[in-house]
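Only one chain is included here, represented as structure tokens and corresponding to the form predicted on its own.
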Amino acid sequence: MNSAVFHLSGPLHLCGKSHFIADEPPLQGQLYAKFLFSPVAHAQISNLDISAAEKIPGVIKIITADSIPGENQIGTVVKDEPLFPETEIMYVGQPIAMVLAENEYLAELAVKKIVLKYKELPAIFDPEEAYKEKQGYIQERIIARGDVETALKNAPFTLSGKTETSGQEHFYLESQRCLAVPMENSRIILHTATQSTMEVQEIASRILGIPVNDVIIEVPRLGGAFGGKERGATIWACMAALGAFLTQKPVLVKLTRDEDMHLTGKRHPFTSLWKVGFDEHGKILAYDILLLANGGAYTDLSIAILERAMFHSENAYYIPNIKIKGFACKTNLPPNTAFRGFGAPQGIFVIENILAKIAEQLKIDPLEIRLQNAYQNGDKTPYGQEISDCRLTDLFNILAEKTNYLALKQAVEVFNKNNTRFKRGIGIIPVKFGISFTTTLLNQGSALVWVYIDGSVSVSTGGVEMGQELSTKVAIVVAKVLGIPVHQIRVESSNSQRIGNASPTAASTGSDINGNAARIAAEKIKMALTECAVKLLKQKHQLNVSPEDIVFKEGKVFYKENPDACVNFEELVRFAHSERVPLAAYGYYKTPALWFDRDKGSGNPFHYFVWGVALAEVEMDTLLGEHKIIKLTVMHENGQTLNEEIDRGQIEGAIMQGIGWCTMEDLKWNEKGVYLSANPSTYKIPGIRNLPEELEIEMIPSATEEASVFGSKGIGEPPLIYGLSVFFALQAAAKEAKKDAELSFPATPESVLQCLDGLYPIG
């Protein structure tokens, strides 16, 4: 019944009736915010003159650092980021002042009248330079096992190199925004596009200098996020809150697409320096890697992102001697932030690139070399977590069978021998993705479930709906517990008054944490209703039954031995109300058995792992540098799905985002730190023509004991890694055209042509 339920928001989206922030008509007296953004990446402020701007009719207030009544600080892990800079500018686009006016035109006019004088300072954009200068937020982190130096020295073969991955723009459809509305007695409500209601509430209260419970966060839904609104929304919500607090008028902050792409943080670019030792069979004996994350001007989430990259640096492979070092580099770019995968794709890409090089050098099949190194149950990760419920070998074998791998290899070889301009390649990649926040305290959540007198149900959790259909999954969980149709359940907006102290909706934990909290609340209600059902069935059907004999199913409650002896759910609810039985419950869930010692680099940071494998076949046009994906095959182990259609949609979307990152989304900035690829005309994301000609996704169920709510597993982030198989297929195709070709990241047509330079001599 529940597995095939439609998306709760689907009909609204389809009919254009879904409400998003700033969709409503303006409120009476509403003010509009525009900003003076820094024109330079690093500078000392010598003067900020707002006097001319203040004189423009219709300009209500101009706000700077001096206007803040509380603490000028929006940092969390490290308190290093001011709402407005007081003396030092740290990146191009940093907000210096905010103009509040009666309309956007007047606000923009006033911004042009503000005079900013500054002394420009040297800026750093390269993480290697930052590392050399020890410009970071914390000391270097290390995870290590075995004797790497000795193993490298004694290894039959060694390789070393530098691997770079670029950033990525989130490109959510709904830009950053917040509508702040003042209320009585210093209270304020923020309608904000955030993934983290608790963070915005806490930081806004800090800025305003008022108690946290005076700040109310309301999130109806988000028009996409992909991590960009986990911390990225906080600064804009605080701007709106500050404006409304000081003027006592509603204030709308809404970035244009151009502003959003120029000013907000992206996926972290990484530079990785590595050495690897291996034997003649391709077995990796030692691995030494330094991960340099380009964090931007302030800490943001760079420390946690670096940690996850370190946790995933070996991907799906057991390496006996390994040293993983990580440094989060402070540069003068906008603070880079969370992005789907949260550092894992950057760490995984490096080891997969190394395996491709080893396979090439030893002339070993790419599938065989991965099978040789793959994790087995009982192995331990570099940080000491034991591997269990690992199905990698099975998944590889299923993939080989599904793709008819040996015949496919032969067909590709024949094609390449018979074609000069067009070359084909195969790329294979496995996934081992840890599910849990690596900051242990975030792995907790709450839910409130109300059953109303007519049998309809209201569910509130701390989860934020952003297109991933978390609401549908939560409703499925509650429906499963209470035995009622999903359409009887309404999942409410995220609101800090209903659910406080909510962890961000991130890290692929939305359904795990919020679904389990809702399950616990629903089970409490079911327990109370079961006692009432015993009484009611005795009254109506003269049955003497015990609570364990009661079944809740398909909107009815009945004796398990006689389904005809039943009452409907609404009747039971009304009876329970007459008996003064509570029809609401609070549920709280914390993910069990999580811990990590950062000083020792060891622990159990993940509740479980998601496993999968993918194979891509591509065809490259070596003359134009373009390519097409002939087929992408994915074997994804996802426990027991709560909703197959939702999970399939998440897999497809994540794959395309991964393909975009590694083949076309080329994030560029100039020598002054200005993003050049900062609008849809200069930054290319995948479109329908970039889809694989054939996309085969097989979701493989499993009865793993390590899964979460009703045996399901997190789905949002792990499938992004499958997109990297396309990069390695393109790399294989390029080497068919030119043996020493080295494809740089991302594999844009320009990158392809550069690595094939000289293939078509001019003249």
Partner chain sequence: MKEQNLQTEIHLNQITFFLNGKQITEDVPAGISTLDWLHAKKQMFGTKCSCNEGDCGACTVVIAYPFEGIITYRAINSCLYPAAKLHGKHLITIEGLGTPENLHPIQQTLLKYHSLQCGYCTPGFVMSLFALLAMNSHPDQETILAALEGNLCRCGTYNSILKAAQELSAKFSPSEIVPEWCRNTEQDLYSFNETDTMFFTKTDIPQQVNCYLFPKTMKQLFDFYAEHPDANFIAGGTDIMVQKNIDRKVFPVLIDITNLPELNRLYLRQDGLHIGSAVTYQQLYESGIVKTDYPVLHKLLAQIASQQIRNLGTLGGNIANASPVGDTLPLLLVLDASLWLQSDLEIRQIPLNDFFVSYRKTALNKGEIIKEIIIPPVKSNSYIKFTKTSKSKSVDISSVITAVKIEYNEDIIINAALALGGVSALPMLSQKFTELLTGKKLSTINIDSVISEVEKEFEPLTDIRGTALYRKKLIQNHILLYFQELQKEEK
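Keep in mind the model is a prediction, meaning the values are calculated, not measured. Positions refer to the first chain, counted from 1.
What follows is about the form predicted in complex with its partner chain, which we do not show.
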Can you tell me whether residue 26 touches its partner chain? I mean in the model of the complex, with a 4.5 angstroms heavy atom cut-off.
yes
Residue 681 within 4.5 Å of its partner chain in the model of the complex, heavy atoms
yes
Proximity of residue 742 to its partner chain in the model of the complex, heavy atoms at 4.5 Å
no
Against its partner chain in the model of the complex, would residue 433 count as a contact residue? Criterion: heavy atoms within 4.5 Å.
no
If the criterion is a non-hydrogen atom within 4.5 angstroms, does every one of 478, 480 and 711 touch its partner chain in the model of the complex?
no
Between 695, 699, 48, 60, only one gets a heavy atom within 4.5 angstroms of its partner chain in the model of the complex; which residue is that?
695
Note: exactly one of 258, 413, 129, 531 sits with a heavy atom within 4.5 Å of its partner chain in the model of the complex, namely 258
Looking at 138-146, 342-350, 289-297, 643-651, which stretch has residues with any non-hydrogen atom within 4.5 Å of its partner chain in the model of the complex?
643-651
Suppose contact means any heavy atom within 4.5 Å; which members of 725-758 contact its partner chain in the model of the complex?
748, 749, 750, 753, 757, 758
